[in-house]
Structure formats: C-alpha cells, structure tokens
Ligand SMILES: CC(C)(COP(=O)(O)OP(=O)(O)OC[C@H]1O[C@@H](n2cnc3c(N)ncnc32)[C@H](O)[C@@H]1OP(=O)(O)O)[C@@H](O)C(=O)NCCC(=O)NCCS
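Shown here is one chain on its own, the form predicted on its own, set out as structure tokens.
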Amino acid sequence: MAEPRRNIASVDPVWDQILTEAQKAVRDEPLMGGFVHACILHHKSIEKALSYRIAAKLASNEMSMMVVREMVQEAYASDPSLIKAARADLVAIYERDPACHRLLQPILYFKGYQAVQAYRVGHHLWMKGQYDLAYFVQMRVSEIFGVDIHPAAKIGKGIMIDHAHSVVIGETAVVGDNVSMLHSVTLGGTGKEEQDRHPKIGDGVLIGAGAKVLGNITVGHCSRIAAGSVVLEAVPPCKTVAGIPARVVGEAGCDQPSILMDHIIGPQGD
C-alpha cells in the first residue's frame, strides 16, 4: 500500500522576509495598518500580493479592479516566468538602490518596479495575441506611472528603473538582463520605419538619467551611457559613452556597471 502524500510547507524566504517587514511596518506606524494589510498581509504569496497591487494601480472607471486582478492572476498562473522576473527585479532594486532598505518598499511605493511588473503582464497578453488588453495595460501604466513601454518590447529580468519618470521604451526595443536605467530615458526609433527600429540593450548596461538611445542599434553588454547623452551609433561592450552625439570616452570602469551604479566618468574616462 502506498504511503499517503505529505503536505510539506513550501519555503519562500523572499516572501517570508516581506511579511516580516510588513508586520514591523504596521507595528511602527499603526495608521498604515489598513494599507499594508490590504497590499501584503492579506495575501498568501508574492504573486497574490502583486496581483492585488497591480490591479489597484491600473483599475479605472472603464475596467474594474476585480477584472484587472483576474487578468493579472491568469497571467501569473499561465506563465511562472513572470513571477521569477518579478523576484529578480525586486532583488535588483534592493541591492542597487541605496534608498531601498526593505524588500517591502518596491511593492508598496516604487513606481519603477510597479510599472515594470505591469508591463510584464501586458507583454504576456501581447504574446498571446490579446492586443487590445495589452494596449489597455500600456495606456494605464503610462497614465499612472509616467512610464510608456510598448507591450511588444522585450525586457529581461533583474531590471531597475530608478525614479521612473518619463521613461519611454519602443515597440521593437530589446533590453537584456540586469540592466539599470534612471528617469527620462528613451529607447526610441528614428524616422517612420515600421519594422525593427529600436535599440537592443545588452546585459548589465547602465543608462544614465535623460539619455536617449535612438534607432536599431546595439548597446554592448556591461557598457555605460552617461546622463543626458544622445546615442545614435552602436556602443561596443564594456565601454562608456557620453555626449551629443555620444562618443566612446573610456572603459566601463568595472565588470558590472549596472550593479555598482557608478555614473562618474573618471579622469581616464573609466
């Protein structure tokens, strides 16, 4: 006779840490209790909490929170890679942003994190051919967060968009893993081409505030784009570019510029 199956509690240290931080937040500031319970403590997993948080932000008079939440939950249930990416993004922000002291913060407060997670749902819908729903998500992300990412764009995991104001990522853009960018970054097209017209950003790239990368060009892995630069030509791997138009001014200065978040161009250009 076969042994009965045992119920073994799953171990999720990330979610356990978020719950611990949420409980402490309520103890420290009771006025936040209702908000923290609704967003975190009422849920059994990070995907349930994110479904609620995204729905709360994207819901409108045209589409209720219940409908949006069901849409997000369906996306998470059918594509586990969305939650894997959400976890990687969360850890990326915690490790790279000196203003982030708890895993709780991006879920509750950081619009860059929230916008990227909503985009991921929109991209999932796009890939399933549900184009109008994907456009709805894009519209609401733009209206609520000031971040306009076309749902067809391809974005890797471990992404940090710091401050996340006025960020634009076009339809055929590709962003690799472990990329960091700041506010007012544009990954845009040039002219009126309708085919592949947006940048391809390699892994580990750091894009400074206000930088514009335009056209179907490649930005090599582990490179740096200085704040305010306008990049119109391909960037080699592991280099720093700066200026209008941007030119190579030195080495990237480290193996992982997107993780160290060092924007300073040294006296030797590294």
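All figures in this text were calculated on a predicted structure; none of them were measured in a lab. Each residue number is its position in the shown sequence, starting from 1.
One more form of this protein exists, namely the form predicted in complex with this ligand; it is left out here, but the text below deals with it.
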Complete contact of Gly188, Lys192 and Leu232 with this ligand in the model of the complex (any heavy atom, 4.5 Å): yes
Quick one: does Ile244 come within 4.5 Å of this ligand in the model of the complex, counting heavy atoms only? yes
Should Leu214 be classed as touching this ligand in the model of the complex when contacts are defined as heavy atoms within 4.5 Å? yes
Does any heavy atom of Val168 come within 4.5 Å of a heavy atom of this ligand in the model of the complex? yes
Go through 31 to 39, 60 to 68, 201 to 209, 224 to 232 and give me the stretch that gets within 4.5 Å of this ligand in the model of the complex, heavy atoms only. 224 to 232
